[in-house]
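Only one chain is included here, represented as structure tokens and corresponding to the form predicted on its own.
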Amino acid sequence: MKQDKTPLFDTLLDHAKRRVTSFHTPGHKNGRSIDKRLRTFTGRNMYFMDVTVFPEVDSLHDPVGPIKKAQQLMARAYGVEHSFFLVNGTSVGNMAMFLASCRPGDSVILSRNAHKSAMAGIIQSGVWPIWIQPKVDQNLDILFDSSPEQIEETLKRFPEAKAVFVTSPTYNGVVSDLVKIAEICHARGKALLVDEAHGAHLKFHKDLPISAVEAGADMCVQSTHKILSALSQGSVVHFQSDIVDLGRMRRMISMLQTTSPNYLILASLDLARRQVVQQGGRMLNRVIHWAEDARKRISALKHFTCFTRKDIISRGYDLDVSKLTINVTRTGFSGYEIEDILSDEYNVQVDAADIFNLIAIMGIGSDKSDINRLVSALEDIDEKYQGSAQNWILQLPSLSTEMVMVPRDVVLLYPSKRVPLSKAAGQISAQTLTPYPPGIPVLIPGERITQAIVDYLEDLAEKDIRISGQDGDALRSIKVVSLH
């Protein structure tokens, strides 16, 4: 099987060219009934590839034909034992990793800044989360995932943990020392699970940090659509473990995925793999060059800065330089406000923003004109706009709280009630509350609410900072477990 082959895409293309009369789903029947406005914009050809499961195109849940071959090619490209295509995004992969590696009542070590799908996996699998407090860097205004030292210390305190879950790269492109973390985990017989949503490209360029598959993770999940050229929702789980049962992982993935997968997404995974294997080095060369050029030009402005790979390495981590974290604190505006100005006035859309930063993600399809447009807009904003001085500080309360109940039991078994925020200390949380920034849950189901967290939430409420998970326009009460 050569990497220039695309068995799934070729099968779909051949099928589409035959113009088969459809008596299967979907109901638009090869695009015939698609709304004319949409069809005029897209053309009709793509809808001939929007098919359902039948022998010619194979089944995602029991692949024996072109899907099986495409997944084998993906595994070979990444140097792993098995790769599984996902059409529900990396979120499904994170959930499946928890379900496959742990049993109800087991415990998993992870940093608090994990994606919300990790919390969904914790609830579904019935495990106890053992949280590591994220490192706060108030000079760079970002958070770091768990260091090897933090993980080793936590494993010493909780040797019963079955797995360690790491997010690498983070939204800011910060990559953990996965080689050392893998050594620590495997010396103790623990599975290393990595949310590598933003790292599908790392393996294919020598000037990028090491990827999870090369570092020895037991399983990792990648959003092939984020940096590479798959369609949105197209992701892949890579498996290379002697600790986790392969059959169980296969069953968990099947249980979580739709039985009506979008074959265009599946075909785009097949094509994205071939592209990055054959052309990734050259394409990523350009992306890295333009990103570094942008980093220098932005940092030369009066009110904007970008940290460098050297800055991150000095802190014990590494940086995917294709991501630009643009600090806006000198402008006097929040990142949200600069994001709106860029979108409304310059037709430039960044991936994310918080109070302190913009995050601009470059993909394999980015080109020099994109960078020039972004930098030009920031140059213009740098001259035209000046906000009010703000005294924002990135900080977190102590999140070393007591886990009283398994999150799954709180969500599925116990009723809840509302209590005033001021009277919540000592109660057991029945909800997740996540302030932005920093995007870290300060409460999750099953945790004892401390006075420090109450004080922190009251302070945020006074500053009118919205907290994800709150009901209503203001945070005045909290859902807690009702034990009576």
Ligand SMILES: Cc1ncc(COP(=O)(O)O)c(C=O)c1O
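Numbering starts at 1 and follows the sequence shown. All figures in this text were calculated on a predicted structure; none of them were measured in a lab.
Not pictured, yet referred to below: the form predicted together with the ligand.
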(request) Examine K226 and determine whether its closest non-hydrogen atom to the ligand in the predicted bound form is within 4.5 angstroms. (result) yes
(message) Residue-level question: is S101 within 4.5 Å of the ligand in the predicted bound form, judged on heavy atoms?
(response) no
(message) So, S91 and the ligand: in the predicted bound form, are they within 4.5 Å at any heavy atom pair?
(response) yes
(request) Answer with yes or no whether V175 is in contact with the ligand in the predicted bound form, where contact means some heavy atom within 4.5 Å. (result) no
(request) Identify, from the list S322, S83, S211, T167, the residue with a heavy atom within 4.5 Å of the ligand in the predicted bound form. (result) T167
(request) Would you mind picking the one in S235, S125, S146, Q71 that has a heavy atom within 4.5 Å of the ligand in the predicted bound form? (result) S235
(request) Mind telling me which stretch in 193 to 201, 126 to 134, 260 to 268, 149 to 157 gets its heavy atoms within 4.5 Å of the ligand in the predicted bound form? (result) 193 to 201
